[in-house]
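Just one chain is shown here, as structure tokens, and it is the form predicted on its own.
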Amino acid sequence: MTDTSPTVYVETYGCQMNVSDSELMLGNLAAHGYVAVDHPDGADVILVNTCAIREHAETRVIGRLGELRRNMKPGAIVGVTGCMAQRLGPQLLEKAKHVSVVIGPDGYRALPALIDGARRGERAIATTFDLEEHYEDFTPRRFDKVKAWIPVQRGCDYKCTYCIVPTTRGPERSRKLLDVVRETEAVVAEGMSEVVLLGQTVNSYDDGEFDFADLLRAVGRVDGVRRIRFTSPYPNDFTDRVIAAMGEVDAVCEHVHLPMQSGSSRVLKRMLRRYNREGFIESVAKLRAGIPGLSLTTDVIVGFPGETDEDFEETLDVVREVGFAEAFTFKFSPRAGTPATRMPAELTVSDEVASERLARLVDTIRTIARAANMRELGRRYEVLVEKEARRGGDLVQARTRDFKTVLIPGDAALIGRYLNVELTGTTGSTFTGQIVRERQPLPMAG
């Protein structure tokens, strides 16, 4: 590259799939002579990779586009990519006149050509679904040097009534198992030993020949892989074959993020989830029987249309019964175009009630997690050091196989290393720890 190479800045919002897509976009642009930069000021191309899962996310992006306009260099090209681009399409060009390119998740192959067109004054939209597109010939430019996000599936066939993802990412389709293995081998060659397999309903993976159990076993056989994670699975897609593979493949970590959404069968039915309360609890029991020491985290929505006080109490009951280590909790956010927005107005739960329920839910989860974490103090775990801690103070952030976050003394030289630590304290969600140094054997008496 020369000093005259064009520069590109990508800002990412939303889920791990969006992070992976940003890595693909940067890889594609790098192959066309672009140089990635860490700040938008002075960049020749600014791409905002967006999320559409909640209204707040879109509002935030519109505001951010205004900020970028005030500070960008003259002649810079601004593009909006991802789920919000797919959902709004031409509306984005109307709302933000300085945006030249709008590209959905299946359009990143055209990105260099569309940027070239934008330099000639052309504004373009690429939001057509391509059910064959997996970007197999792209070389991602990875942000993380410790673990690799590897998409194994794109799109979603499950029509949950609150969810915009089928609209923004299209129908479900899986990559070929051998392509996933090839990418895994490539990231190991780059020095990474943890992979995270990504899909909207990742454990429904099916490439026409192999299922998710086959995929776990194949990735686990790659020499150099020490940890395998995956997100996000669907509760009743955990077949006996998949659970057996999870228990038998040494690299598969003892953690599952298992989205529950509600503990009420009535609410789950209105959500069009494919399980009821009892089915979810049964899935938890099967997972814990198959994977000793399994830690579970989850997603929960409160205030879904028609949720009664009794429904909410049922959610709290399941939260207490399962004992989640952590949960991402949300108030229902209606998304235009989803069936939930067409439910009768009398089913609407007021923001005041939803807020009170959310506060109670958060308090319940934190109380359970805090008590469980206190019982962990003094125990020893293997951790992988991921990055420097945000709070600074010569601390690094590491993670156990079962997804505990542990802050330990150290600096950037420890990033990427596996260490044994003893848990010494907890804030309720994060642990502090000390490195355990194995004693050297004493010399034999002469």
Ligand code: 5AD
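Numbers for residues come from their place in the sequence shown, where the first is 1. Values in this document were obtained by computation on a predicted structure and should not be read as measured data.
Another form, the form predicted together with ligand 5AD, is not on view; read the next lines as being about it.
Interface residue among 324, 280, 108, 162, judged by heavy atoms within 4.5 Å of ligand 5AD in the model of the complex: 162. For the candidate set 36, 65, 419, 53, a heavy atom within 4.5 Å of ligand 5AD in the model of the complex is found for exactly one residue, namely 53.
Contact annotation: residue 267 falls outside 4.5 Å of ligand 5AD in the model of the complex, judged by heavy atom distances. Contact check for residue 299: a non-hydrogen atom falls within 4.5 Å of ligand 5AD in the model of the complex. In the model of the complex, none of the heavy atoms of residue 155 sits within 4.5 Å of a heavy atom of ligand 5AD. Not displayed here, ligand 5AD is approached by residue 333 to within 4.5 Å at the level of heavy atoms in the model of the complex. Considering ligand 5AD in the model of the complex, the lone stretch of 347-355, 235-243, 73-81, 162-170 in range is 162-170 [heavy atom distance within 4.5 Å]. Residues are counted as partner-facing when one of their heavy atoms sits within 4.5 Å of ligand 5AD in the model of the complex; in 254-289 these are 259, 261, in sequence order.
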